[in-house]
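Shown below, as structure tokens, is a lone chain in the form predicted alone; questions about how it binds or moves come after it.
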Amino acid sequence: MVKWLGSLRNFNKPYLCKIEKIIDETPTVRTLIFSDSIMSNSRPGQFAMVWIPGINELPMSIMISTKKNQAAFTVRKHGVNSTALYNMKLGQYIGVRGPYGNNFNIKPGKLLLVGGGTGLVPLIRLLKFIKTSHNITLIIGAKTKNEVIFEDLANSLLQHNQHSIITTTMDGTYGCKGLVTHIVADLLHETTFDAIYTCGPELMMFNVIKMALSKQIFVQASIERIMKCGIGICGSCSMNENIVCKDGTVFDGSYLLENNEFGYMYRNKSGSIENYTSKV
């Protein structure tokens, strides 16, 4: 469907979309909703390049909307670009191009989804593609109660599935106290999953993948890197021989653990290599 619709417009040219609704998810996170039949049909794991007029362009995972032919971007105000997108108003326009990238390979059976912060966005879209026969466990990670997102939405999307949603906060103000990885370790000790899907902070994903593979469970992760073009030209999102925007953003966990950059180093906005200081 997405491929057919793509023939109607150039994927690599920004398409102006009007912001029709804004949802304040937390004090620092907003979801901007707009009409676009192409983005609304994107696959879980794909992303778009979003142009904020007069500011810059940045990559964003494509969030779902509850209405047909609508899509959304969920943004946390952090840097200059994300804060500018966060501050967009109703009726203003953003430029959108894509969708780009590959998608999660959905296995049958019992699935574990592990998300941290706005890394939940591709996992929420994944929920729209699962079947009622899937048994789903979703872990939602946040720093504190006020930063928990999408819990009610996930319950609504999974109302016809056997499912469990576990919320964790680092300060213990809501749900389980501690790191997402601690919950994953406990779950894998108690039960068996047919596949695990994760998106969020890289060190979190690194450890989720290690635990999954130690149990010989199929695992995939959606990777975030600095992206300036989104189409594999600039090389800013390179990870060893891979260009994340073109070859990902979804990678099999077995491949990622063989990669000497994932979980160890990343490129900053200037292109310089920086190292992660520790493993969570």
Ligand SMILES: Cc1cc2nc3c(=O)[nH]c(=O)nc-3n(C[C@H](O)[C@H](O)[C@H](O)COP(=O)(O)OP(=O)(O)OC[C@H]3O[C@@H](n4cnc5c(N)ncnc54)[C@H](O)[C@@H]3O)c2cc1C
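If you're wondering where the values come from, they're calculated on a predicted model, not measured in any experiment. Note that residue numbering begins at 1 and tracks the sequence as displayed.
One more form of this protein should be noted, the form predicted in complex with this ligand, which is absent from this view; the next part is about it.
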(message) To verify the annotation, which of these, Thr168, Thr181, Thr198, Thr118, has a non-hydrogen atom within 4.5 Å of this ligand in the predicted bound form?
(response) Thr118
(message) Counting any non-hydrogen atom inside 4.5 Å, which residue from Ile64, Val219, Ile38, Leu58 sits next to this ligand in the predicted bound form?
(response) Leu58
(message) For the interface check, one of 186-194, 104-112, 159-167, 67-75 should have non-hydrogen atoms within 4.5 Å of this ligand in the predicted bound form; which one?
(response) 67-75
(message) Just checking whether Arg225 would be counted as a contact of this ligand in the predicted bound form - the rule being heavy atoms within 4.5 angstroms.
(response) yes
(request) Although this ligand is absent from this view, report whether Phe47 comes within 4.5 Å of it in the predicted bound form, heavy atoms only. (result) yes
(message) Since only the chain is shown here, I'm wondering whether Gly79 would be in contact with this ligand in the predicted bound form (any heavy atom pair within 4.5 Å).
(response) yes
(request) Check whether Tyr266 has any heavy atom within 4.5 Å of a heavy atom of this ligand in the predicted bound form, and answer yes or no. (result) yes
